[in-house]
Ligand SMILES: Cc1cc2nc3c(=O)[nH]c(=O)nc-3n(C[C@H](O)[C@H](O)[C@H](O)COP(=O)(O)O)c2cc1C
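Taking the form predicted alone, here's one chain by itself in structure tokens.
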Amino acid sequence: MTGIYFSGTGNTRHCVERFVQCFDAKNQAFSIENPEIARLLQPEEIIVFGHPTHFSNAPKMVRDFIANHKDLFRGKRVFIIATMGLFSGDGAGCSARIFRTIGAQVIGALHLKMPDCIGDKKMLLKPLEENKRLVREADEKICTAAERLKQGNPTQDGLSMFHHIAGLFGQRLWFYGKTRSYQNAPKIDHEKCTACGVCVPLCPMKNLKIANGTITHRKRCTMCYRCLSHCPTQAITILGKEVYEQCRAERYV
């Protein structure tokens, strides 16, 4: 077993690493951005695949990654972990349907509520202690799910028709434009931005660059919130207009 994940602020990375190690302490997990990912996955029979949930959907980057690596996943057994800040419905089901179309066997899925990464929407943020509690509860759920997989009775979060309907009508239909394609983001406050370049290598889409002493983008944002969460001057926003918190997993673990 090997874990792979796409993680913006570290929530999903934490969950996948914990799951594979609860299953067997020798297991490892890697980012899908690792240039050796194909070689690392080739010999594995079971893959634990983790991703965040955006508006009850898998991020565009995740959907593209699965489709672009269909030969790698064909015939593999896949367990999906979907993390979310609020509601998902069928967050895991969205990636599961893609996996099935390319010939992978989805053996189970786990939904985990984690601290929200959207630090530019004040109404979504929670006190520090509540976020720490969410992580502790997720850790317990992860180890229980890993044990169930060992016993051949894996959790099936987000995979049923009920979950599909809940995700579709709960969020995905109303916010489909937010996840259908890459976004024209982020927004840069050029009065705050010092063009330090911290955000440029962090972006998984290579969306950001320094040009003429300022940060610009190519309108290919996958809303992972890494740039906002690491900007030293809080000059970057994505969905909101002001940074209220820079939400990184290490604050809560």
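All residue numbers are counted from 1 along the displayed sequence. Note that the coordinates shown come from a computational prediction; the quantities given were computed from them, not determined experimentally.
Unshown form predicted in complex with this ligand; subsequent notes refer to it.
Here the chain stands by itself, but in the predicted bound form one stretch of 219 to 227, 38 to 46, 22 to 30, 66 to 74, 219 to 227, has heavy atoms within 4.5 Å of this ligand. Screening 146, 104, 134, 84 for any heavy atom within 4.5 Å of this ligand in the predicted bound form leaves a single hit, 84. Among residues of the shown chain, residue 157 is not one whose heavy atoms approach this ligand to within 4.5 Å in the predicted bound form. Using a 4.5 angstroms limit between non-hydrogen atoms, residue 138 is distant from this ligand in the predicted bound form. Using a 4.5 angstroms limit between non-hydrogen atoms, residue 117 touches this ligand in the predicted bound form. Contact check for residue 3: no non-hydrogen atom falls within 4.5 Å of this ligand in the predicted bound form.
Of the residues in 228 to 253, only 239 comes within 4.5 Å of this ligand in the predicted bound form through at least one heavy atom.
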